[in-house]
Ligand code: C5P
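Below, in structure tokens: the form predicted on its own, a single chain.
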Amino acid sequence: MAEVLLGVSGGIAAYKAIDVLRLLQKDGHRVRVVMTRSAQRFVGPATFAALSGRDVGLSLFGDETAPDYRHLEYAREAEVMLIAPATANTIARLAHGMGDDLLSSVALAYPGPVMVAPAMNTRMWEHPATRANLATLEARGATIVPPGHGVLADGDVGAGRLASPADIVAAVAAHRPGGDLFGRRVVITAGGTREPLDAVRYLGNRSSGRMGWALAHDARNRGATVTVLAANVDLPRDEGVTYHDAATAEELGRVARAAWNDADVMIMCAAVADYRPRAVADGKIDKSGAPELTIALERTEDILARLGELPRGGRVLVGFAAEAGEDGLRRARDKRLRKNADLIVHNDISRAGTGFGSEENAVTLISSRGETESGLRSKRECARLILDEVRGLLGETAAE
């Protein structure tokens, strides 16, 4: 996680910086806030101090009896500098290298990645001076998080609304070089496939997709470029993650194979049906006069095994094994070898409060590096453990 320096400048959107702060903290980042004098007219610094648990930078000058170098101290501590909202005035001062307050002085002293989230009236946003100033910042390496379109504070409708806090935080994750998965391409399958019986019925499973979603969220926060192949998942989708829907085992296998060549890590978290109906009925199967129904099933493709047969090329392949008890753990160990996976995540479905649809999990990580038991944890915490192991495996492949 990163040390984020959050600069807040003086616009009505300053209140949204509170949500940006909370989302950054939710993702595990430490945040220090620096405010311009104008920003303090919209949100009191006590709010940011209470939420961040740290003093808020307000003035370039501290105690008049002693020298003050907080702009240098803040610049040394930060791993990412984020200015949200960034007014037209603040953008102009940054573009022209001014350092007449604490925020602009820190920006001059800070050598790392700078992210700017503009917020202003549409006419100010479209003014040639603002466009030129933004182009200058981009040419220097700053990342611009573009504003949205909608109703503005003065009642106008147009571009200039501050990007959503979720979009801003996702941009921080995607552009943070300090993340241990920065530059890596991670593909994750999630959810459960559904194999149609007729036009309205299907064979399916109870997978909710929560574990795959947690993995995607953490991988994004660690700087990876994340793609999720979603099999029938009804959960909110993270900003900064690319999603492709694949309802059946056949569809999921096809998109997984297509994603393989561009992936550094392939995590097969989805619960894929082992069997599907040999024939799919047209329309709806009529149950009248038929006390029993026999359905012929056929095996689906073993996607994990198929990927395990492909040239590895330094990629890390992760599979999941939902099994029960000690026999299940033994089968999970065997599964890693049979399917040529680098890591198998054993999920003990016999344990109360874990498994499909739950908020918690208890997993055992099985790889060439050994075995690690998680104990009962939230799926977010399990995701971090899994990606820690993936990072170690990536290091091993890089050293070969």
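Quantities reported herein were computed from a predicted structural model and do not represent experimental measurements. The numbering used is simple: start at 1 and walk along the sequence shown.
The form predicted together with the named molecule exists for this protein as well; it is not shown, and the discussion that follows is about that form.
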* Find the only residue in Val145, Leu304, Val186, Met81 having a heavy atom within 4.5 Å of the named molecule in the model of the complex. => Leu304
* Quick one: of Val228, Ala270, Ala219, Val172, which gets a non-hydrogen atom within 4.5 angstroms of the named molecule in the model of the complex? -> Ala270
* Every residue of Ser59, Tyr74 and Arg93 near the named molecule in the model of the complex, heavy atom within 4.5 Å -> no
* Structure fact -> Only one of 97 to 105, 314 to 322, 219 to 227, 132 to 140 sits within 4.5 Å of the named molecule in the model of the complex by heavy atom distance, namely 314 to 322
* Applying a 4.5 Å heavy atom distance criterion, does Arg333 contact the named molecule in the model of the complex? -> no
* **Close approach of Arg30 to the named molecule in the model of the complex, 4.5 Å, heavy atom** => no
* Could you tell me if Asp274 has a non-hydrogen atom within 4.5 Å of the named molecule in the model of the complex? -> yes
* May I ask you to state whether Thr300 is within 4.5 Å of the named molecule in the model of the complex, using heavy atom distances? => yes
* Asked: in the model of the complex, which residues of 200 to 216 put a heavy atom within 4.5 Å of the named molecule?
  -> none
